[in-house]
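A single chain, nothing else alongside it, follows as C-alpha cells in the form predicted alone.
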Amino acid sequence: MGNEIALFRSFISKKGLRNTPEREEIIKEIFSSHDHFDVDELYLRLRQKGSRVSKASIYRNIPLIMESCLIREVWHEDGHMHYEHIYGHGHHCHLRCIQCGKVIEFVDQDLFEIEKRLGTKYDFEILEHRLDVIGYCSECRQHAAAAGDRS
C-alpha cells in the first residue's frame, strides 16, 4: 500500500484539485481488501473502523478514483454498482454465483486469442475485454440437489 495513494495524489494535482485526508482514507480502505465492493459496503467498513467519511463523499469520490485507474466498475446488482481495485492486479474475468454471490476470478489465455482474432476479423483495436459469467457455484448446486432429494 502507498503507491496507490501517491498515484492518486499525482492525479488529483494534475486535475488542479485539492487532495484531502478523507479521499485518502477512502482509497486506503478500498485497498485494504481485495474484495469487490459497493458504496454501502465501503461505507460500512469505514464506519466500523471509526471513520466519519460520509456516504455522499464516497459517491463523489468514486468517479475520481475510477478516472485515476485505481478501480473499475465490474457489475450492477441489487440496484448497486460493484467495484474492484485494479491497480497492481493483472487482467482477469469473473464467474459469479447468482445464488450466494460468490465471485471466482480467473484468467484464460484462450480469451486473449479470441480477442486477437476478433480485432483482426473486424479491423478493430481492442483495448480490453470484460467477461462476467453468471451461474451457480458447486456449493449452491449441491444444496439445490440435496433440497430436491428431500421432496
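One-based numbering along the sequence shown. Rigid core (definition): largest C-alpha set, two forms, superposition within 1.5 Å. Owing to the predicted nature of the structure, the values given are computational and were not obtained by experimental measurement.
The discussion below concerns the form predicted together with a further copy of the same chain, not included here.
Asks: If the cut-off is 4.5 angstroms on heavy atoms, which of these, 108, 67, 40, 35, is the one near a further copy of the same chain in the predicted complex?
Replies: Only one listed residue qualifies here, and that residue is 108.
Asks: Tell me, yes or no, whether residue 137 is in contact with a further copy of the same chain in the predicted complex, where a contact means a heavy atom of each within 4.5 Å.
Replies: Yes - in the predicted complex, heavy atoms of residue 137 and a further copy of the same chain come within 4.5 Å of each other.
Asks: Is residue 131 close enough to a further copy of the same chain in the predicted complex to count, meaning some heavy atom within 4.5 Å?
Replies: Yes.
Asks: If we define contact as a non-hydrogen atom of the residue within 4.5 angstroms of the partner, is residue 97 a contact of a further copy of the same chain in the predicted complex?
Replies: Residue-level check for residue 97: yes, a contact with a further copy of the same chain.
Asks: Can you tell me whether residue 59 touches a further copy of the same chain? I mean in the predicted complex, with a 4.5 angstroms heavy atom cut-off.
Replies: Because no heavy atom of residue 59 falls inside 4.5 Å of a further copy of the same chain in the predicted complex, the answer is no.
Asks: Heavy atoms within 4.5 Å of a further copy of the same chain in the predicted complex: which of the stretches 43 to 51, 59 to 67, 116 to 124, 22 to 30 has them?
Replies: Single hit among the candidates: 116 to 124.
Asks: Using the rigid core as the reference frame, would you say residue 116 shifts its C-alpha by 2 Å or more between this form and the one not shown?
Replies: Passes the 2 Å threshold, so yes.
Asks: So, does residue 107 move by 2 Å or more at the CA between this form and the one not shown, with the core held fixed?
Replies: Indeed, residue 107 is displaced by 2 Å or more.
Asks: Residue 126: CA shift of at least 2 Å between this form and the one not shown after core fit?
Replies: Comparing the forms between this form and the one not shown, which are aligned on their rigid core, residue 126 does shift its C-alpha by 2 Å or more.
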